[in-house]
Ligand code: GLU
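Just one chain follows, in the form predicted on its own, and it is written as structure tokens.
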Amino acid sequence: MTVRVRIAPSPTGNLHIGTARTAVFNWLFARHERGTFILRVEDTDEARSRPEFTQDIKDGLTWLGIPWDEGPYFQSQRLNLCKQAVKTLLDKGYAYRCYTTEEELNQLREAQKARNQAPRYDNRHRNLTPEQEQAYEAEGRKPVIRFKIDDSRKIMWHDRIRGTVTWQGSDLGGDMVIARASSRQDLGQPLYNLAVVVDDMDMNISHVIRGEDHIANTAKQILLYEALGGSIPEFAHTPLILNEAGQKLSKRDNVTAISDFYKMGFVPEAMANYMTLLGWTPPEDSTQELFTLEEAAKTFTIDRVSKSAAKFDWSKLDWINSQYIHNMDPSQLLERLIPFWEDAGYQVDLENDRAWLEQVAALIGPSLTRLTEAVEQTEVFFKDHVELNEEAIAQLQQDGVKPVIQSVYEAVKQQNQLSEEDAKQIVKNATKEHNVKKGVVMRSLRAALTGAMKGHDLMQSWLLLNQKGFDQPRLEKALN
């Protein structure tokens, strides 16, 4: 079998993490089976679809490192295929025009609710005569096209994740709306379940890997495949992603879109790595937790995807993210940090300051968990002055500190540019000249140069500030 899988997001919002995780699983499966991964944009909801959401979907997949082999195809450009399918179903007697009004449907639902019954359409227009249809048309009613569902029909399939799944036709809510029409002559605007089946048939999709919230749709779609004479693909329904409270991950968790994770300072390699582990377990003989998508594809099989919901673990994601950051060389890390520095308003002169910027990246890299943390951690290097916090002020007001700062200041003025050996010698001389412990000199220097009592390696920080000419004015200010 030639494996062909697809990811088919709707451009009615930004790329959701659940959709992105599904895309990861489809891509891994396609690569493992040497198959084809297709991007199809299901944009038939004209009222809610937006081109900026389509772009966000493409950008998100590209950022994660998930290239598509075909597409993007747009469902809205393929409606003629769907209309032909509607005609086929009407001609074969598998579908019919239904003129039930929204008011009548609401009355039906209320009556069922009063009897504690599940809502379902009662198929009242399944057998209308042409004369009855014409009478409804004369009233100005607009029909929908419904597909007939036999209540006694049992629908079964072998799910690659969940095993045998069985649905009864009577549990599918009555005859299914597959298109909305404006008149008897109109074949209608196709709806989700029909459009998906028509596109999957036309694209020869072999496997449908998607979220478990589509299981009921699968039962309906199998009936449509059969009615249209199509080959039924294999199905695999992935587990939901839950938050730490065990509820479905949503906007209440402050993040649902892949673009949110970028803004929060996660790197794409870490996100892709983590999403691979959201519901999939590597082979039992592997203890590896950090891997590229290409590495994961070598061992990815659907049978190792869990049936149970995957709980989103921020601590685990942070740890994975930190590992990728810590393993970056300074040049690579610098490229990741530049957008965050620029968004913070820092002046980044990459052409003239690359070597200095790489030194900054090398200094802070080992302490970063997320890229966003670099903004606060490097503020001291991008501003020509610093505000002293209370601890720094207290340090500089201690007896005997100003003479120490004065001697360091005088020594720095004698140097064009400090080396690490120069800086160490200045500290040593100040310690000896003023008969103080080295710690006093170092703490006083940190307070004067950075405005705080905690931070990155002091000597490396001092050298970076010296290269920009920021150390002398800060030492001078500390003397006032």
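The first residue of the shown sequence is 1; numbering continues from there. Note that the structure is predicted; figures quoted are calculated from it, not measured.
Unshown form predicted in complex with this ligand; subsequent notes refer to it.
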Next on the checklist: Does any part of residue 121 reach within 4.5 Å of this ligand in the predicted bound form? Heavy atoms only, please.
Outcome noted: no
Item to check | Exercise: residue 56 in contact with this ligand in the predicted bound form, heavy atom 4.5 Å | outcome: no
Item to check | residue 42, heavy atom within 4.5 angstroms of this ligand in the predicted bound form | outcome: yes
Next on the checklist: Taking this ligand as it sits in the predicted bound form, is residue 157 near enough to touch it, meaning that at least one heavy atom pair lies within 4.5 angstroms?
Outcome noted: no
Item to check | Stretch in contact in the predicted bound form with this ligand, which is absent here, among 330-338, 164-172, 80-88, 192-200 (heavy atoms within 4.5 Å) | outcome: 192-200
Next on the checklist: Considering non-hydrogen atoms and a 4.5 Å limit, which listed residue (214, 207, 148, 220) is close to this ligand in the predicted bound form?
Outcome noted: 214
Checklist entry - Which residues from 1-23 come close to this ligand in the predicted bound form, meaning a heavy atom within 4.5 Å? => result 6, 8, 9, 10
